[in-house]
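Coming up are structure 1 and structure 2: the same protein chain in two forms, each one given alone as structure tokens.
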Structure 1
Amino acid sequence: MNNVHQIPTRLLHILLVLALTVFGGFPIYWMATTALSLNSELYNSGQVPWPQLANLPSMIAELAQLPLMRWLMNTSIVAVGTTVLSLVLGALAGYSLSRFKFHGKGILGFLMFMTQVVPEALILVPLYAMFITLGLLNSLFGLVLANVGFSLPVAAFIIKGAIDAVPYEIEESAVIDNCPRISVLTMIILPIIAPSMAAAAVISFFAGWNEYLFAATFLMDRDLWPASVGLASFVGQYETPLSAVMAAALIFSLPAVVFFLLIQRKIVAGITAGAVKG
């Protein structure tokens, strides 16, 4: 009885997932085939729509000439730095916003929201001037700070929202058990809101990983470039070595995918945990 109904539904599910996979996966597939094509093909006879594995050695040789490792390293420093700083400060800010009463709380929330309304490009020049004065120009740390300026408010709001949902009594119980405020936060609250922390981590990590505008403006040294700026530097006035760019881009996205897969479990676990909580 049930099975008769289930078969078409299942089929529909499979078709839908398949369609989504093709839709989402095609650009990646195209990246891979482009990476395995010869530039001459790309610019003259048109692209072969399947990966030409025969070109793998030449692609690797081409990649070997780029400072890929250096760029990836820089990107990682920026992304991890942005994530760690956003989470640490975001946890403290989110906790205060959720639990303490203080003057100007409304204004503060509004200003934090405004940071998301203002486009990056708008504050690029003022920020540049400020960074000159502070000596933060041409440093990865400065870049991290600039990124945190944008990702921290988001992280803080996500964390505040999550802490709002944690009952006061749990915290009070810890206080009675002789637990100081800092440990209430690190040992009780943060583990409880781990799924939201993970969500905040994903957002700030990718903000740092993908960021281009600030990096291109604030970093002069080639050695400090993150991958986003490095890749863009290939886009030449006359010719762009498309296959190399695509190959590098592919490598560039791998760590991000791994990071997401690692943390995505946490987020999904959080969603289901909420569903059955009694």
Structure 2
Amino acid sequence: MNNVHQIPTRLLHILLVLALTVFGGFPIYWMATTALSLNSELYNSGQVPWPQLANLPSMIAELAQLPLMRWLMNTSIVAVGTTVLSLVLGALAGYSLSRFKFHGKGILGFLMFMTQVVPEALILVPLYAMFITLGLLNSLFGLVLANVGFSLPVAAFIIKGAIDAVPYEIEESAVIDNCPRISVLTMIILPIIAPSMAAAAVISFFAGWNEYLFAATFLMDRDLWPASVGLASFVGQYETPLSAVMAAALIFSLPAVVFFLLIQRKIVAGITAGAVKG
């Protein structure tokens, strides 16, 4: 009898999941449909609601004329560099804020938090002047540093919250045996808070992957552009090749979507664990 009553609930859940899947996947479908359309059709007869596979060779030929793979490689370098540097510094900062007591700890945490309410455009000019002095303009490394400045506080607070939830007794025995603090962090604490590390990694990765403002300002060499700036360059004053824009945007978006789907459970678990204590 209970199974009979559970059937409508299960059916409702299935319909809800299907509706959310269609709603979430429709933008990708529409990008693919637009990419497989001719510009003349888009501007004259309008969008066709299904992919035209006959236009696939022309789309491939159009993309072959663009340095899309180089742009994607630059985007990957910025995203991976931002992620690695944010995790390394975030783990050190989070552990220090969680385990050590020192003067100015509250002020330091507040200042790190305040970086999240400052718009990137507000510090663009002073950061540009600083990068000129340091010789970091037109450099992917400089772009990584600029992104780390915004992603590091978030990673540090997520890791700090996760470390707060770890009992100190777990690492006491290692400290008594004269184990260095860095070994305690890397060999004991970090494996325990792996889900939170994954959450911090994802946030940092997407901060670097979606970078546009700093890249458009600091990078003058076209070969150093990330894909976001390369896509924006397609927009012209008199004409915009929508099919090429959507094809490149689809290639740019799919790796990030796949990456998110693969580790979405760790993201939720990590953010929840990091929110236990502030």
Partner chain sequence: MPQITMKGVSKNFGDVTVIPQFDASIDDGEFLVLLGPSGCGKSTLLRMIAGLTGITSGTLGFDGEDVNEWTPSRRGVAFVFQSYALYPHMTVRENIAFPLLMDAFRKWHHIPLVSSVMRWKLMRRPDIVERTNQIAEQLELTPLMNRRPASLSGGQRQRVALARSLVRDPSLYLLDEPLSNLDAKLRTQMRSEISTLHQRVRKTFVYVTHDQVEAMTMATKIIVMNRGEIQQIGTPDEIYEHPANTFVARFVGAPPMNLLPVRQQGQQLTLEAGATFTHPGQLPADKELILGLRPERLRLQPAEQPGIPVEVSVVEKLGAEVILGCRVLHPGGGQSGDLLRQDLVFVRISGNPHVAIGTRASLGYDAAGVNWYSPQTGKALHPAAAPLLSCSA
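For the two forms, the rigid core is made up of the largest set of C-alpha atoms that agree within 1.5 Å on superposition. Numbers follow structure 1, counted from its first residue as 1. Because the structure is predicted, anything quoted here is derived from the model rather than measured.
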Please identify the form predicted in complex with the partner chain: structure 1 or structure 2? 1
C-alpha of Val257: shift of 2 angstroms or more between structures 1 and 2, rigid core aligned? yes
